[in-house]
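Form predicted alone, single chain, as structure tokens, below.
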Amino acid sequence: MSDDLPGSPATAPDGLTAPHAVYEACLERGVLAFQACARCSAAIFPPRGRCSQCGADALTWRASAGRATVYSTTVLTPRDRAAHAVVLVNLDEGYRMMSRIDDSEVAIDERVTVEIAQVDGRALPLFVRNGGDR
């Protein structure tokens, strides 16, 4: 059944069972992780205890390739730093997440790629433009 699941297999760090803690630990290792349901094959994000599609608790951890398409964007212009875009992106594995792109010129339907960056001592999934690849 795992051949039918999106993404590639990911291993949860030993001793962690809380979904968000596993997600953050994977980010620290440089992996954008999400869950997939072994029952219905749905990609699940944000992490949770049961499948949001069928209710099963047969969730496995998967690694995303980090390629996505911008679904929605808005530009924020803080007083004390450069403008940046807050985006909703559709990951190729079949889930949507919110993130940031430090480029105010990003457009809807533009292809982007994740880069896991250390921000204020935490690993965060930030996206970068792919230079016009749509």
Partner chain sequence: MTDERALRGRVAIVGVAESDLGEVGPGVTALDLAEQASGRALDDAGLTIADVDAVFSHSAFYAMPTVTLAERLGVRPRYTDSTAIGGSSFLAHLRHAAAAIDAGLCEVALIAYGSNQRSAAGGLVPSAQNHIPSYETPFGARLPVSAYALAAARHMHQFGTTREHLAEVAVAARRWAQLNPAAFEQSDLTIDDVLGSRMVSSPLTVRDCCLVTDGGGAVVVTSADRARDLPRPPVFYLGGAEAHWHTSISQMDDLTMTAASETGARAFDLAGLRPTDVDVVELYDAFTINTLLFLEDLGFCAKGEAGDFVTGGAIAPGGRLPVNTNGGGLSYCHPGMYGIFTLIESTRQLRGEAGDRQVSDVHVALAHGNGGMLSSQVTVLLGDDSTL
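Numbering follows the first chain given and starts at 1. A quick note: this is a predicted structure, and the numbers were derived from the prediction, not measured.
Although not depicted, the form predicted together with its partner chain is the subject of the following passage.
The three residues Val75, Leu88 and Arg96 all sit with a heavy atom within 4.5 Å of its partner chain in the predicted bound form. For the chain shown alone, Asp109 is a contact residue for its partner chain in the predicted bound form, at least one non-hydrogen atom being within 4.5 angstroms. Proximity of Leu126 to its partner chain in the predicted bound form falls within the 4.5 Å heavy atom cutoff. Under a 4.5 angstroms non-hydrogen atom cutoff, its partner chain in the predicted bound form lacks Gly30 among its neighbouring residues. At the 4.5 Å threshold, heavy atoms of Pro46 reach its partner chain in the predicted bound form. Taking a 4.5 Å heavy atom cutoff to its partner chain in the predicted bound form, the contacting residues in 13-28 are His20, Tyr23.
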